[in-house]
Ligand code: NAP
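Only one chain comes next, encoded as structure tokens, the form predicted on its own.
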């Protein structure tokens, strides 16, 4: 009997199954179409990897209580898979959804299976196909007793941070694991957009070519800006197209795709009142890329002399601070969600899970972990001493990037959002008083005063 089963033999599922096998656990694999299972079987089958060809054969090949990981596309395919499995499951079995499911769907499935006595885990998995094979970052949510049964395997197959700690830990109840993965993906949106914007500034305002920018990304990656996304951006910019010989990035269509987790994060941010402006700007930038009016330029596009490269260190400082804002906004939404949904999330643990294996891994996450270790219920990351100092030292550089980009007509929505966030969150004299007066004028929505308690309404105009 095999110790664990994996459903879905696309790249992520196959690689996770191989990771499990390579770490000494026996695994059964199944795919709804036979070809993928045959391909895995022809290359990897042995006593620790068993191909199966029906739902019943797959489930019956597993030791009890069964541990089944679904690595399939979110949404309807998950519910269809569940319906196929249900007739063969027993009380105490553990079903694990390793896809990017919407957290409310996971809440529903968790509750449904709970009534049947079957355990359900929503498992966020980050790291892409390489991470799945060599060690992903994993975010399991559901019953804590189920995690205790899974943790020996999860800790073995997970990535390890620089201190050798596995990048996996119990997140919390019901769909919290998938929620944390959703936040991870939103932060990823923000970081990617910021890197793209600084790339745009370097090539248009300084006139640098792709190799020069790749070299600069490599320099930044060796210091405080060390991050997986900075590292791969340098590699991407060096890649040549085999067909044309041009830089690969220059032959890729200038339209960005998206799969939905960013949208979900924005939807719940609106429900919670979480000001995730950098991440929102990044999501909208992807929308904009598909709607941009092609073959047209602004008539008043400025033509300025290229700026000096001595500003590049300031640009790096601005990127460092703006990426910290993306993280801070993600953790702020996590805290608001934890309070709203009664999850009791451990933010230091989440930062540690992301320190290796995942797409948003970076040096900054260690500083975030340290900040939450010092103050577990920190309201805003920029109230921690390290990030306070970062804001004070680099805010002028962030203003500089936004100003220079504006002068050259280069859109930097994520940098602008980061600057506005920092200029707003620490500002007690925003013009919201005028806004409240407007609301009270046209809708009698009332307001509070700054000189005495209570709720007030003003008769702003006389009836004719």
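Positions refer to the first chain, counted from 1. Keep in mind it's a predicted model, so treat the numbers as computed, not measured.
Below, we turn to the form predicted together with the ligand, even though it does not appear here.
Using a 2.4 Å cut-off against backbone and C-beta atoms, the ligand, superposed onto this form from its pose in the predicted bound form, places no atom that close, and the site is open. For the candidate set 94, 71, 274, 378, a heavy atom within 4.5 Å of the ligand in the predicted bound form is found for exactly one residue, namely 71.
A heavy atom within 4.5 Å of the ligand in the predicted bound form is found for one listed residue only; from 125, 182, 325, 194, this is 125. With the ligand omitted here, the record of contacts in the predicted bound form names 31-39 of 31-39, 433-441, 419-427, 406-414, defined by a heavy atom within 4.5 Å. The closest non-hydrogen atom of residue 77 lies within 4.5 Å of the ligand in the predicted bound form. Interface residue remark: residue 100 is counted as part of the site for the ligand in the predicted bound form, having a heavy atom within 4.5 Å. Contact annotation for residue 332: none of its heavy atoms lies within 4.5 Å of the ligand in the predicted bound form. The closest non-hydrogen atom of residue 20 lies beyond 4.5 Å of the ligand in the predicted bound form. Residues are counted as partner-facing when one of their heavy atoms sits within 4.5 Å of the ligand in the predicted bound form; in 1-36 these are 8, 9, 10, 11, 12, 13, 31, 32, 33, 36, in sequence order.
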